[in-house]
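One chain follows as structure tokens, the form predicted on its own.
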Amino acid sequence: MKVLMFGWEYPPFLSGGLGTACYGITQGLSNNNVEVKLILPSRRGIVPETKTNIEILGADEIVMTEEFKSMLEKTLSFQKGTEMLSPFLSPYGTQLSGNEFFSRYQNVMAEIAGRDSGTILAFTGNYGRDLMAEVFRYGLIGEYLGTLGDFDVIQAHDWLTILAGIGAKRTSGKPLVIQIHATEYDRSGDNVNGNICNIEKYGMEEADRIIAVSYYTKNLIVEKYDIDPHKVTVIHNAVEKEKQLERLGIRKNLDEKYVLFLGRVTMQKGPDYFIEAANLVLKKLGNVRFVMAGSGDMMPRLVERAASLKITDRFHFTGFLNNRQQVERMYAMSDLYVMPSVSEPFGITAFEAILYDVPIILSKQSGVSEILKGAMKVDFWDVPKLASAIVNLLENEKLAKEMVDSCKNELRDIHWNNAGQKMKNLFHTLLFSNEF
């Protein structure tokens, strides 16, 4: 079985859990004898996979052949005199027609069609100001790769790759599976980007199957996007069980306790609740330091809040940790990990903390809490209860150890190989049951 997979992040270039999950998924599928051709915007700096059934290709390496240009010309011709700007971007509704979103897409297509054969398209794979244009260009790459057809199933991850997945399905006729790691509602609450939501809904409707990383996410997909629940399969994420603690030689500070927040400093992750809880804890305990590891748009506001609370001597901002060793060092130094997310589809970092014998407090609004029954859980908004839980675990070492042991036991059967087997079974069902 061969899978054409569209991703956006991959180690060592990570912004969040998406790249970590995509790495685990490719390994899990490979170990179940599934051939994976992974397409990324760019693969510069990525070490080639040693496994013969994993191939990684950058979209910025694909040469614009005459066939590619001919395909674009047909798409542009189709657009003339209509409101639709691409046959594979026919929205489920008409609210997007004619707006800046599709105008930008039309400009991108015209620019590409005007290039000479033999050229390649530019991709950064970042999240900058040109992101939407890159997503459109990536969609065209998917449409082109679909014409080559040397695969059985298409798999796309989140909104960034949905257009590429749909394009490949349109030109190949092969089944499309979209895996949702996070939705726009997770990232932005009620202040969603309508264009992104429309891409997500369009992709979910066009997909033959949807993989949700948790029941929490499945329920959100059904409720917010009006998707048939029978179309959505839950396959939980897993974690790489190798850790570098022994080789790093990190020793914990016996005189002080370290409480860690690690993730994007954005509304979704609840960093403001973490800092308010820290303030309450520091009124009771003097030997605690709080660490916020990550970056995001809420950072300036939170630095100001820490200063106004007069806790900057006990609350530390590390900024973004740009390599895996820094992340593992942070886990190794910590005595408690807190994930106060407002909306967390999964939360692989909770698994990682447990691997380092770090007790955890999880938001009840998280997918990973479905698996780690032994973890302490609170509602993200209940700051007094969160602070009380932090104090309890820091002061009660026996309770903390029992939690870690319980969660480690629950992790025993959590493997990417198991997730890969479940995905393979899903693909097999699509291919041999005439359900697409």
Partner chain sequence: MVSVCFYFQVHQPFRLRKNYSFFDIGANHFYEDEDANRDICNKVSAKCYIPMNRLLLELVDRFQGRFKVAFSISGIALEQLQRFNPEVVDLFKQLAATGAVEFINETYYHSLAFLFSHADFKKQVHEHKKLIKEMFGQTPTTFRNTELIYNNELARYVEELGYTTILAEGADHVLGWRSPNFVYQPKDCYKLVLLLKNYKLSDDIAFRFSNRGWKEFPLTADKYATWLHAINGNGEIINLFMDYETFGEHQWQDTGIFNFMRALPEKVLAHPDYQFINPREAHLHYTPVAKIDVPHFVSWADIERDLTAWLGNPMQNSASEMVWRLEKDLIKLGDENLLSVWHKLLTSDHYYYMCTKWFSDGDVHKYFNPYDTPFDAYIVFMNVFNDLKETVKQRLKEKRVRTVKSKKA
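Residue numbers count along the first chain shown, from 1. Fair warning: this is a prediction, and the values are worked out from it, not measured in the lab.
The following text describes the form predicted in complex with the partner chain, which does not appear among the structures shown.
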Query raised in the report: So which stretch, 267-275, 313-321, 204-212, 144-152, is the one near the partner chain in the model of the complex (non-hydrogen atoms, 4.5 Å)?
Result: 313-321
Query raised in the report: Of the options 289, 187, 157, 137, which one has a non-hydrogen atom that comes within 4.5 Å of the partner chain in the model of the complex?
Result: 289
Report task. Could you check which residue among 228, 297, 304, 223 gets a heavy atom within 4.5 Å of the partner chain in the model of the complex? Result -> 304
Query - Contact of residue 258 with the partner chain in the model of the complex (heavy atom, 4.5 Å) - result: yes
Report task. Would you check, heavy atoms only and a 4.5 Å threshold, whether residue 326 touches the partner chain in the model of the complex? Result -> yes
Report task. Indicate whether residue 281 is a 4.5 Å heavy atom neighbour of the partner chain in the model of the complex. Result -> no
Query raised in the report: Can residue 330 be called a contact residue for the partner chain in the model of the complex at 4.5 Å between heavy atoms?
Result: yes
Query raised in the report: Any idea whether residue 215 and residue 262 get closer or farther by CA distance in the model of the complex, knowing it moves 3 angstroms or more?
Result: closer
Query raised in the report: residue 187 to residue 335, Cα distance in the model of the complex relative to here: closer or farther, by 3 Å or more?
Result: closer
